[in-house]
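There is one chain below, alone, in structure tokens, taken in the form predicted alone.
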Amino acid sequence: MEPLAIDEAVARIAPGMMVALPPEYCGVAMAATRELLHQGTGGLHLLAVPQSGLQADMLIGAGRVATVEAAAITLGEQGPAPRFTAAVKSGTIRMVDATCPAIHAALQASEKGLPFLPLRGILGSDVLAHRGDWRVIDNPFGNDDPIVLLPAIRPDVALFHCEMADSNGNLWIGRRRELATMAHASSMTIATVETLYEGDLFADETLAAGVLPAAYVDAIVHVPRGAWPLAMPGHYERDSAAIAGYVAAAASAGGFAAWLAEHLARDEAA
């Protein structure tokens, strides 16, 4: 599989699609996110697997998101995600509350070709009370033993950044199994990668266990530092100063708009 230009790969994400995004510790495709903003794609349904932060906040602040389904949208040590918080308060996005286990279970149902999976831990919770698409039934194998059924989630696209791809289109994701679940469950996978690997990743016994096969990959883009300003373990750390600058600017709609214009202009200049 030949790597694509980033604009060509990202153009496959159409308005209104459900886009599965990984957590900030697990390979966030920030360069592809900036390209998505350049292209003006909107009406997106963001599925955080199971939470997101800067990536989702940027897309929401730019007005490109209609629905967010997540266990959390947060900037962690740097506080709440400001544009997400403002959008929830103003009602400009639809928020679909979930939990980490629920999102993983619903994606696992999809990757296994099942219509649903059961889950127990959310019984009696406020989240369950507000999810009309989740069903509580009696355990067919026991008495007075309720269980929750979660419908399968099948995203239109999984979008993530990982360490490397080989010439056959295989990706090395290491121990980040969330990325495999996203790819298995989604109709399409777009991945940006730090490096290109010469040879077949499956032929290396030390790497093979961490490989996502090309059968689950639709587009690859070679983008060194493609997760910046977030971290790519083993390559670079989180740029805390850059993220702090974002937090300060994004406290207001005007500040965010100015920050985003400058941020995207850097891409165009490069």
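Just count from 1 along the sequence shown to find any residue number. What you are looking at is a predicted structure, and each value in this text was computed from that prediction instead of being measured.
Although not depicted, the form predicted in complex with a further copy of the same chain is the subject of the following passage.
Within 4.5 Å of a further copy of the same chain in the model of the complex, a heavy atom is found for all three of Leu114, Arg135 and Ala208. For the options Ala191, Ala165, Leu150, Val157, the residue carrying a heavy atom within 4.5 angstroms of a further copy of the same chain in the model of the complex is Leu150. The shortest heavy atom separation between Gly174 and a further copy of the same chain in the model of the complex is within 4.5 Å. Asn139 belongs to the set of residues with a heavy atom inside 4.5 Å of a further copy of the same chain in the model of the complex.
In the model of the complex, none of the heavy atoms of Thr195 sits within 4.5 Å of a heavy atom of a further copy of the same chain. Note that among 54-62, 221-229, 31-39, 197-205, the stretch whose heavy atoms approach a further copy of the same chain to within 4.5 Å in the model of the complex is 197-205. Heavy atoms closer than or equal to 4.5 Å to a further copy of the same chain in the model of the complex belong, across 30-46, to no residue whatsoever.
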